[in-house]
Every structure is written in structure tokens, then in C-alpha cells.
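Quick setup: the C-alpha cells below cover two forms of a single protein chain, split into structure 1 and structure 2.
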Structure 1
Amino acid sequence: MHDKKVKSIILAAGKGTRMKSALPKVLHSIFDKPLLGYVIDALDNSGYISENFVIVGHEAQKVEDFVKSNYSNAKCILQSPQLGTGDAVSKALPYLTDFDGYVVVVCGDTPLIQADTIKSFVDFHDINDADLTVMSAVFDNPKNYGRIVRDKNNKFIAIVEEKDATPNQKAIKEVNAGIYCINWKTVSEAFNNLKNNNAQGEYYLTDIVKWAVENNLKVQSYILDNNEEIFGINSKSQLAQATKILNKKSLDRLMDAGVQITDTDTTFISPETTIEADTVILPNVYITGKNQIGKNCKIGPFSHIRGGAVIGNNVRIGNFVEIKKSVIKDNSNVSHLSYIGDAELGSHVNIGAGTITANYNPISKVKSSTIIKDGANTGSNSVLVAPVTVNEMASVGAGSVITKDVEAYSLAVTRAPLKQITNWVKMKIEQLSGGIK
């Protein structure tokens, strides 16, 4: 552990033209968390960063709203117009005058970067007493990335963007991850010397390498073995690829912990979901957001858990069931065709097929909770209009609409009494066939 102060600059001002979207690129989500969220979390979880600066520009307000409502130690700085990644970093200069420490610069579109990697990266920079360290990785297909250029002594001397590269440079497979550790005192001057005489007419952050080499500073690259981590998202297809990578990691982690996943191709589980051993996940399950799931549960096929779920042990979540922000205690079943939202289910609760918690009032826009206590059950096709409580061991009759609390041990039923018209069908058939002859 080093004793230098470390701050970060996260580049998030670009439009993301290649996404072909009205939404800024960094607000596109994987498992309901924006790309930018993954990057800030990785920096925060490294435990090294004392303050994050997020450079915003395109749809700045939207990006700033996301940052402000989720991260108290991040400050947004406006870059307008967006003149390139180097110009973006230079917007933070006034906030870092006299700063004597390291600045880690990260692109907001590389969501797979891990906290431990950032830690080792900063340590590597520190141990080698470097002025500038650039994270790199080797790709068989390096298309779109900046290339790491070395001289004949293998010394790292520059980064060349794909659009500016010569055919020989294009053949280089070591690429720039877009993650930098900068000794601020010696290198920040580079940002006053950037030029935009390149193929894109932009001020490139990557040109600080050349500047540092020319100024005899110590420049090095930190080659990452796992190139997946630096995968940058520029298009919808890359967003889908990143989702797959993140999902595979998440499923591997769960299987290592003893969770049984029947079909890894059709199961999606967010990295922020914990599941205990011997729970079985059947095909076509989608679990997003933050959730806790206990042991010996059976989930799926075709279940959707949307975040904020706290599920105990021996719980059954069956097909076409959606769960949102709900607690479900041990030995309860929600086996078929139900929506459980903003609810609290005790233990040994049985939810009949097609039970719906009506939690949302679209006029007042208020969401209310449903409480179903230990041992209670609901019949098929019941609607529980929240706020409402079904007390211990109570029973809700099939097809009921429950608008008042149900007492413990009682049956609540709102169906009209059954009426039978004897031979009604026979009469209809006879009418249709021309009356009784």
C-alpha cells in the first residue's frame, strides 16, 4: 500500500454516436445498472480513491442526476463542447491545482474493470516510481482501440489511434485500455500542450504519452492478462457481448459456491445477487439488480426477479413469476403466474397460481406494501390491493379481490355465490337448431 493520495477522473461526456441512441452511452445498463455505475463502483471498491471527478457533457443533466443520486464522493464537471478525451481531462485541471498525488483516468464505457485490477495497477505505478502508467492488453482483433507503439528497444513511446495508424501500426495487437495512472505533478502540464491535428480533429488523451516521453519522464505500460476486463462498449452489439461476459462470471461464481444452474445459456443473474448452496436455477431465469437468495430454493423455469428481493431457504419461485423488492421467508411457495411486488411474505406461505399484489396506484403514483404473514395462503387468481395485510394462517379464496386486512385464521372470499341454471346449454343448442320441433 502506497502513501500517495489518489483521485480519479472518469470520462463520461461523449455522446456515444456508435450506440445510435437518444440515451448517453454511459447510461446504457447491464442488469439495470448503467455502465458508468460499474466503473465508479470498481474505483470505489479499490479503496484507493479519495475523490472521483466525472466529466459530463452530452445529456449532462441526466448523467449528473445518476451520479448525484448514487455516489456522494463523486463530483461532476461539465465539458462542453466535447473536443476529445484529452480536452475532457483538462476540464478537471482547475480542481487539481497543487494536487500532489496520482490521478487515475478511466473511460466511463469500460464496465468490466475490476476493483482489484485498479489496485494492482496503482501499486505497479507506485512501486516503479513512474510518471505515467497506461493499462494495456493484447487482443487478437484489436480493431477500434488505440495501439501501444514501442521503439526498437521495446520501449513504450506512444499510443496511436486506429484512425491515425499506419498499416504496420494497425497490425499491433497490444492496445490501450483507456485507463491511466498519472503522477499529477509531473504530467498534468501535458494537458496544456495537446494538439488536435489528427484524423478526428480531437484533443487526444493518448497524446500525453508522447509528451511524457519527449520530456524524459518515466512512462510504462501495465499489461493485463485478462483482456476481457478492459472491453470498451461503443455499440449495442458490444453491450450485448459485455452482458454475456459479466453474466458468465456471475454464473461461474454462483456455481463455485454450490448453486446448481441447469442451463447457463438461458440463465441471467446479476453480479450483485447472492445465492446459497443447493439452490437450483432452472432454464430461462432472469435475475437483475441486488438480491439475496437462500439455500435449497428452486427457481424457474421462466422466473423474473427484478431486484431488492430477500428470499430465505427452501423457497419455490416457479414459472412466469415476477418478484420485485420483496421479502419471502423460509419454506414459502410462489409457484405459478404471480406478481409479488413491495411485499413481505412470512414463512410457510403458499401463493396460489395467478395471485397479484396490486402495489401501484397509477393516479397517485404511490407504491404500497402487501404483508402476508406466516402460514397464510392465497387461492388462485386473487388480487391483493395494497396496502393490505393477510394475517397468520389466513386463507384467501380463489378469485378474490382483497381490499381490507384479513384476520388471522379466517377465510376471506369476495366471489359472487355460485349459481346454476339447469340445462342452460341444452336450451341454447335447441334454440340454435331451430327450436323445439
Structure 2
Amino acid sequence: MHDKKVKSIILAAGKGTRMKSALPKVLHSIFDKPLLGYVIDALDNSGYISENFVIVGHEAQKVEDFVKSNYSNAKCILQSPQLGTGDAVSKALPYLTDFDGYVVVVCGDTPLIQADTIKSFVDFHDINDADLTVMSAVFDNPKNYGRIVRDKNNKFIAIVEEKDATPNQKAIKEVNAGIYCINWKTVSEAFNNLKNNNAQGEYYLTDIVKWAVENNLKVQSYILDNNEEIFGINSKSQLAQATKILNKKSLDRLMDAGVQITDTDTTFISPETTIEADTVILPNVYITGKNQIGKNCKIGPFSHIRGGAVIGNNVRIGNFVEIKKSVIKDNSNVSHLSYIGDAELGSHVNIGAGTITANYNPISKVKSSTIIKDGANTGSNSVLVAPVTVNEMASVGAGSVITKDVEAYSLAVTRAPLKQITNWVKMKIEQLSGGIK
């Protein structure tokens, strides 16, 4: 464990033209979580990062709004115009004037990077007493990546972008992973000496390697074990690929922990969801956000859990059920075609098919809570208009619209009295057949 302070610079200013979207690239989501969120969380969860600087540019306000709403240890810095990755990092210079520690630079569109990898990377940099460490990876097909160039003694001397590379350099299989650990006190001066004499007329972050070599500083490369972690998102197709990679890791982790997933091809579960052993996940279940699901539950098929759900043990969630930001305690059932949102269900609660917790007022924009206490039940096609409480052991009749609290052990029914018109069908048939003029 090193004793240096560590901060990060996250590159999040790009437009992401190939995404073909008005939304900034780093705000595109996997499991309802923006790409940038995965990167910041990986840095924070490494346990090393004390502060994150997010370099914003395209749609800067949207990106800053996301950061401010979700992270207290992150500050956005504007890059305008966008003149390359080296220029982007240089925008943080005024905020790190007296900083004596390490700075990790990472791209904001790499959602598969893991906290343990960040930690190992910083440890490697520290143990080797490096001034600059570049994360690298080896690919059989290194197309589109900057190449790690070494001299005849295998010493790391430069990174060359593919568009500037010679044929021999393009044959190199070790590539730049786009993540750097910088001894800020010795290397920060490099950002005042970058040149833009390249094919794009931009200031490349990769040129700090050449500067460090020329100034006799110690440059290292840390070869990544799992190349998937540096998978960058530049298109909707790559977003879909990353989603599948992340989902497979999530499903494998859950199955290793004793969860039964019936069909891994149609089941999607966010990596922030925890599920205990002997719970069965049926086909076409989609779980996003952060949720807790207990043991011996049955979920699905075709269920959607949207985040903020805390589900106890022995709970049954039927087919075509949607659950959002709700607590469901042990031994309760939510039957098919129901919506449970902003609700708290006690134990041994039975929710009849088609029950809706009407939690949202579209005029006031306010979301209110529904509380259904232990042992209560609702009949099919009930609507509970929040805020409302159904007390212990109460029963709601099928087809009822509940707008007031229901007393314990009571039956609440709001349906209209049954009216029968004798022989109505017979008369209609006769009319259609011409039997009655």
C-alpha cells in the first residue's frame, strides 16, 4: 500500500459522432447507468482516488448535471474548443498546481474497467518507482489502437497513433489501453510542451511518453490481463456489445453464488444487483439499477425490475410484472401484469393480477408512496392511488380503486353494484338475425 495521494482525470469532452445521437457519448447507458458512471465508480471503488476531475466539452451542461447529481468528489472542467486528449488533460493544470501525488488518466467511455485493475495499476506504478506508467494490452488484431513502440533494448520509448504509424509500427500487437498513471510533480510540465504537428492537428496525450523519455524519466507499461476492460464505446453497436459483456459477467457471478438462471440468452441483470442462493430467474427478465433480492425467490418470466428494489426471501414475482423503488418483504407474492412502484409491501402480502400502485401525479409531478402491511391482499385489477395505506390483513376487492386508507381486517370495495338485464344477449341475437322488427 503506497502513501501517495491519487487523483483522476476523466476524459469526457468528446461528441461521439458515430453514436448518431444528440446525447453525449458518455451519458449513453448500460442498465440505466451512464458509461461515465461506471468509470467514476471503478475509480472510487479502487479505494485510492481522493478526487476526480471530469473534462467536459460537448453538451457540457448535461454531463456536469449528471456528475453533480451523483458524485460529491468529482469536479467538471470545461474544454472548449476540443483540441485533443493532451489539451484536455492540460485543462486540469490550474487545479493541480501544488499537487504532489499520482494522477490516473482514463477515458469516460470505457465502462468495463474494473476497480481492482485500477488498484493494481497504481500499485504497479508505485512499486516500480515510475514517473509515468501506461496501461497496455496485446491484441492479435490491433487495428485502430495506438502502438507501444520500443527500442532495440525493449525499452518503452513512444506511443504512435495508427493514423501516424509506419507499416512496421502498425504490425506491433502491443497497444495503448488509454489509461495512464502519472507522477504529477515530475511529468505535469509535459503538458506545457505538447506540439500539434500531426495528421489531426491535435495535442496528443500520448506524446507525454516521448517527452518523459527525452527528459530521462522512468516510463513503464502495465500489460492488462483482460483486454475486454478497455473496450471503448464509439457506436451503438459497441454499446450493445459492452452490454452483453457486462451482462455475462453479472450472470456468471450470480450463478456461481447459487442463483438459478433458466435462460442466460434472454436474461439481463445489472452488475449492481445482488441475488441470494436458490432464487430462480425465469426467461426474459430484465433487471436494471441497484437492487437486493433474497433467497428462494421466483422472478418472471418477462418481469422488469427497474432499480431501488429490496425483495426479501421466498417472494414470488409473476410474469409481466414491473417493480420500481419498492420494498417487498418475505413470503409475499406479486401476481402477473402488476405494477408496484414507490411502495412498501409487508410480509405474506398477496397482490392480485393486474394490481397497479398509481404513484405518479402528472400535474404536480409528485411521486407518492403506497404501503401495504403484513397479510393484506388485493384482488385482480385493483388500483391503489398513492399516498395510501392498506393496513394489516385488510382485503381490497377485485376491480376497486382505492383512494383512502383501508383499516386493518377490513374489506374495501368500490365497484358499482351488479346490474343484470334478462335475455339481453338473446334479444341482440334476434335483432341481428331479423327476428325482431
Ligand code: UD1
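For the two forms, the rigid core is made up of the largest set of C-alpha atoms that agree within 1.5 Å on superposition. Please note that residue numbering is based on structure 1, beginning with 1 at the start of its sequence. What you see is a predicted model, and the numbers here were worked out from it, not measured in a lab.
Each structure shows the same chain on its own, and structure 1 is the form predicted together with the ligand.
Superposed on the core, the two forms barely differ at Gly294: its CA moves less than 2 Å between structures 1 and 2. After superposition on the rigid core, the Cα of Pro142 moves by 2 Å or more between structures 1 and 2. When two forms of a protein are overlaid on their rigid core, residues whose CA moves 2 Å or more are considered shifted, and Asn154 is one of them between structures 1 and 2.
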